[in-house]
Structures are given as C-alpha cells and as structure tokens.
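Before any questions on binding or motion, here is one chain by itself as structure tokens, the form predicted on its own.
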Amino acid sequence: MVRFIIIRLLQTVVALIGIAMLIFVLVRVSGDPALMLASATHTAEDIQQIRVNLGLDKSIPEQFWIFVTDVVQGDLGESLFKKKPVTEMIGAALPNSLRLIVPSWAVAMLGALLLGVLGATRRDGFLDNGVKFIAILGQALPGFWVAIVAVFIFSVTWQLLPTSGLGGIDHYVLPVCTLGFFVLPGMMRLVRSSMLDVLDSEYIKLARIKGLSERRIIWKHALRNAVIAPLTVAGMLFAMLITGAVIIETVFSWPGIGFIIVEGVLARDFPLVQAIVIMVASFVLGINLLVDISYAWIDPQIRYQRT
C-alpha cells in the first residue's frame, strides 16, 4: 500500500509540473501583455520598460523558474488589470464557487442514487426508460445551452427565478440544478448498472427465498454493495464540477473562480490565469489521488494491478 501511494504521489507531481509548463507557455504565446497594458501615447522604450517590470525580458526558462519558485513560496503574483494580489482574488472567489459546487454535487448524487435504484428495480419499464432518456439527454446537451435555456424559460419567460448574481435561495436554484445536471447522467447510469449486477447475485436471490421484504432487500442489502463503485467515482465527479462551473458561473454571472478566470483569459491577465489553472489542477489531481488511494484501500487488487 505504501509503495502504491508513493507511486501515485510521484505521478501527481509529474502531472502538475507538466500542467504548469503547458499553461505557462500557452499564456505567453497567446499575446504580448506589455502591448495590452500600453496606451497610444507609450513609446517603444515605455513598452520595453513594461516588459522589464513584468519580467518578460528574461528567457522563457528563467521566467518559468521564477514562476515555480514564487508558487512554492505562496506568491502567485499580482493581477495586471485589477492591480490586486492573485491570492486575494482567489480567496474572495473560491468560497463563492464552493457554495455552488457543493450543493450541486449533493443534488446530483442524491438524484442519481434515487433514479438509478428505481431504474434498476423496474428494469425495462416505463420508469427505467425515463431514466435512460434523461441519461441520454444529459450526455448530449451542452452545459451552456442548458443554462441559457433555463434562464430563458424560468427567468425571462415565467419570471420565477433571478437570472444572475448572489442572493437568497432563489439565486441558487438555476445554477445548482444546471451544474448538477452536468454530472447526473453518468452517475445515474453507473448506479443503475451496479444495482443490476447486485440484484442478479446469488445472495439477493437467497434473501428473497427467505422471505425478506423487497424494500429491505433493495435499500439495505443490495444498495450497500452496489454503492461502492459509485462512491469512488463521486470524488472524480466533484473534481469535474470545478471545470464545469466555469461555464455555469459565466452564464449566471456567479462571482466565483470560473467567472474571474474567463475575465482573465479575455484580458490576457497571465498571472491570474496561471494561478487559477495551477490551483484548479492541484485540486483535481489531489481529489483523484485520494479517490485512487481509497479505492485501493477498499479493493486490494487495485493497488497490485496499478503497481
């Protein structure tokens, strides 16, 4: 087990370094930040001085080494346009993102569990076909399209819910439901398939022969064994919500990480973009690492197959 954890830690570190190098290069080849900061009255010497102030006059390896050194020390730089420390901006936006992601994940997991179990217990029936239809829709429809249609119907046409921003519970309904719909179909199908496998097992048949009620068999005995695989995937889906929240936060003007990273990309605010991408990548890789370790702890065969 220790060897498995060490190998996964090394793989995570290598992946994080690769992501840092990739985003570092991409934000620099996308355009010259000095030209965007310069006004019409700036001369060539002024623009060069801006490059010097930003450290862009150094070679790419030197810039990358300075960037990595600063990140290790907790210095993520300063936003070029907001003139604020990036850590301060992330600290203000991250709680807002978590307020959206956590309830969306909880709603999606609860809905997937309920619909997946009901679909499996009524195999090929009307309810099961409805579950399959929802799964197909969820995997086929783009998240931004669902969000825009939801705003048009519930906010513009019916005027039942607010279109954007933070506020009371009503401000959470559309963003939470649309973001939860982003991961609901895959989880629902996984719960359904796991339940079908368990319901066909011998010990479930034995429980029915003993005369146990169908409700007790499904919700106590079958679900307890069928939920192992979905629980391990649930962590990965939580990480997926972080990237999916970028679109939802933009559509609903939700002041979270996704909203400010879109602003940073449009403004080519490379210190802000670099910092947020590294933070999100670290979070996603960390969750995947914990999921792998927990899965290996639950099923010892995993640790030997992956090493």
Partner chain sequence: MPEKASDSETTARPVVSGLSRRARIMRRLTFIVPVTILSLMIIMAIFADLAWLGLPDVGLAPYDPVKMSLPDRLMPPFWDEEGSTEHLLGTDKMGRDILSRLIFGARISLSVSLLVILITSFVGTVLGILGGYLGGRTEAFLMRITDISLAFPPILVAMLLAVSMGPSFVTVVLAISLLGWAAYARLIRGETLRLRQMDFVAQARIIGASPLRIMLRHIFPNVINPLIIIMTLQIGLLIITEASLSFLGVGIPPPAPSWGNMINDGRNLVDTAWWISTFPGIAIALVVMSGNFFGDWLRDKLDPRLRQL
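Since we're looking at a predicted model, the values are computed, not measured. Positions refer to the first chain, counted from 1.
Omitted here: the form predicted in complex with the partner chain. The next part is about that form.
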For residue 51, is any heavy atom within 4.5 Å of the partner chain in the model of the complex, or not?
no
Taking heavy atoms only, is residue 56 within 4.5 angstroms of the partner chain in the model of the complex?
no
Exercise: residue 63 in contact with the partner chain in the model of the complex, heavy atom 4.5 Å:
no
Contact flag, residue 139 vs the partner chain in the model of the complex, heavy atom cut 4.5 Å
yes
Is the partner chain in the model of the complex near all of 236, 251 and 262, within 4.5 Å of a heavy atom of each?
yes
So which bits of 139 to 156 sit within 4.5 Å of the partner chain in the model of the complex, heavy atoms only?
139, 140, 141, 142, 144, 145, 148, 152, 156
